[in-house]
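Have a look below at one chain only, the form predicted alone, in structure tokens format.
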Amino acid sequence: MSYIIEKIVKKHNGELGGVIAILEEIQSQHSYLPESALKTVALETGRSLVEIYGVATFYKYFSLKPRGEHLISVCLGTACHVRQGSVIAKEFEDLLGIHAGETTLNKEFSLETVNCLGACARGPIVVVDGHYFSNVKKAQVSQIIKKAREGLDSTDVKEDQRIFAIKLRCPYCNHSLLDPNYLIDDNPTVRLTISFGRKHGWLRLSSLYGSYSIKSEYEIPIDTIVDFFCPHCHTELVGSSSCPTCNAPMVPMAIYGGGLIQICSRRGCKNHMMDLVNSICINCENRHTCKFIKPEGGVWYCEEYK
């Protein structure tokens, strides 16, 4: 393994943020950071082992212990905590037979608690392998575990109630990002411009929240961090926060009716966040007083106007 680590170090050493890039690639191959790998990184970069461990333990994305096939993250931030997020976490612990921060003996599940997942208005939030579950109740926990075992990626976009259409616009020029002439999942797509390496071209995302279907002008290698731009004003779409899963920059897009959705810029990472705290109900225009439900036609309506 040391030979592979040496190649990774040579690939990224000298880059800005090179240590982080090295550790990211090691973890992508092993699902965690083995102690022997950290020692090799320290030796090859000329840095102290304490410094390497400092980076590895500072970022939530990195793990010093092997993770299970499925990673379950339960939010215990203030908004989720007051909505019984701790009860949800305890139910996962009881059903899986482990505590937060541990992995089941058969390496099937790892469980963790986090401080915020960026979707406070829809708490309690649980994320399983990049899939968000909102307004989670204790009775739903067993079903979430069952769905993880069956495979969350094999979803039916027409039947799965967690998947719905949203209308997005550029947060800078306010221009619609929807392209009605190019369909994915039988819906208009989100049109963006991207660049990576020496490639520069178009990208189409499914406008169904919860679908991961995309089409692009160029094949994007897994684990590549992509730069996103508005196709109208050409402003780079980069958020102020990093992906809590892999530390890549998040890509912000505004939702019609108010709110923001952010997607991870790393190819293969399925983390996404929806923030409706400052949303405006299309009917009553009340800020932060409406309880949002599934949108109709991609526009948010509050419960008062069901």
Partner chain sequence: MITVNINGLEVKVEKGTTLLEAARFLGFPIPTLCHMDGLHSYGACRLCVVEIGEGTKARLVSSCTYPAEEGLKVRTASRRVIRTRKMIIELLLASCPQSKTIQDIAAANEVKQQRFKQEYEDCILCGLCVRMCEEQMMAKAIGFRGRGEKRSIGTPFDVQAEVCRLCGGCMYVCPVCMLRCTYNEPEKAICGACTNLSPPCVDKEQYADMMCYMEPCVACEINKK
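Numbering follows the first chain given and starts at 1. Note that the structure is predicted; figures quoted are calculated from it, not measured.
Keep in mind that the form predicted in complex with its partner chain is not shown, yet the notes after this line are about it.
Here the chain stands by itself, but in the predicted complex one stretch of 233 to 241, 49 to 57, 266 to 274, 248 to 256, 49 to 57, has heavy atoms within 4.5 Å of its partner chain. Using a 4.5 Å cutoff between non-hydrogen atoms, residue 260 does not count as a contact of its partner chain in the predicted complex. Remark: residue 26 does not count among the residues lining its partner chain in the predicted complex, judged by a heavy atom distance of 4.5 Å or less.
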